[in-house]
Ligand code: NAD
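The chain that follows stands alone, in the form predicted alone, written as structure tokens.
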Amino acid sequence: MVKVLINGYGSIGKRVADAIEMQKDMEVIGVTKTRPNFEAKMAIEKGYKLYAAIPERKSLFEESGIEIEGSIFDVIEEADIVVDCTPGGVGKDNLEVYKKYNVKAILQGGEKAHYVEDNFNSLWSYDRCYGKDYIRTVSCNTTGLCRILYAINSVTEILKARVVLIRRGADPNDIKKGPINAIVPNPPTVPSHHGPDVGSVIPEFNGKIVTSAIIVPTTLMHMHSLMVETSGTTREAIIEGIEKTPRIFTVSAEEGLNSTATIIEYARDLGRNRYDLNEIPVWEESINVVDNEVFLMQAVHQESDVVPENIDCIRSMLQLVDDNMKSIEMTNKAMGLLK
């Protein structure tokens, strides 16, 4: 049983913590918070040992009546690995702490790709990250793109891909940012950074993927529209590739799953905690092939699709399982994912 420390018990951290607790080969030895908010109280109620991420702020927790175990430096030496789920830009600074304490660490997609030894996706780079010390699990959008590109690549050669990302303005709990009555090019330059980020995981696709992105006034999910040039394929082959690829599945607009809102309702009806949809839904009606070019649209639940990737990344870095598909199967079964 390997010991995992979650540094940052927020939107991603609390989901990763819960996913770890579902696994048979790992356990959470503690979670950290920078301030005594409702998430800190919830962590304790769920049975997680709580630590102050910043030692100087321990008194804030005490003043708020929240009992903590100490600071991160009281637990970090016990950890086999740290999953850093702090806000973007913070993980880079934390990396120096992890190196000082000689503990392996996983950073999230909000950090730059070059800060770490390699970039992780369960389907594409499990073997490359095996046994390494400092790895980044890529962002929700990059994770979604890696999965669909794997499905397409499994049945045909990808020559070039063009992707338009329609991004949610903010997460549901974030009232500080996001467009209210606007559609915002984000970034306004084309191509966007998402293509090179895919290349950090799949080097052979560098230069083959061109992306652009906009943000819209919604909080539920991202959406991707893909146009992928191939060496030759059919609609039936693409659907078969999706069906065989883990953590991605087709949905039908005809059956009422005709928007991100109804897909989230589907996740609620599945009984998913926090209505998470770790898998990537692809609209079956959108899948088409014209002159060997694949067209399709998919949705990405930005709060949860990277969670199972973090679990597999732990297994890869700690050399718990030497086969990516076996780890994926273990994670999916424990989390109750589709397929």
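Source: prediction; values computed, not measured. Residues carry their position along the shown sequence, with the first being 1.
There is another form of this protein, the form predicted together with this ligand, and it is not shown here; the text below is about that form.
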*Please name which of the stretches 21-29, 8-16, 325-333, 312-320 has residues with heavy atoms lying within 4.5 Å of this ligand in the model of the complex.*
8-16
*4.5 angstroms heavy atom contact with this ligand in the model of the complex for E303*: yes
_Close approach of C85 to this ligand in the model of the complex, 4.5 Å, heavy atom_ = yes
*asked:* If we define contact as a non-hydrogen atom of the residue within 4.5 angstroms of the partner, is G169 a contact of this ligand in the model of the complex?
replied: no
*Is there a non-hydrogen atom of C140 within 4.5 angstroms of a non-hydrogen atom of this ligand in the model of the complex?*
yes
*Could you work out which of S259, S212, S154, N94 is the residue within 4.5 angstroms of this ligand in the model of the complex, going by heavy atoms?*
N94
*Out of G110, P191, G199, P179, which one falls within 4.5 Å of this ligand in the model of the complex, going by heavy atoms?*
G110
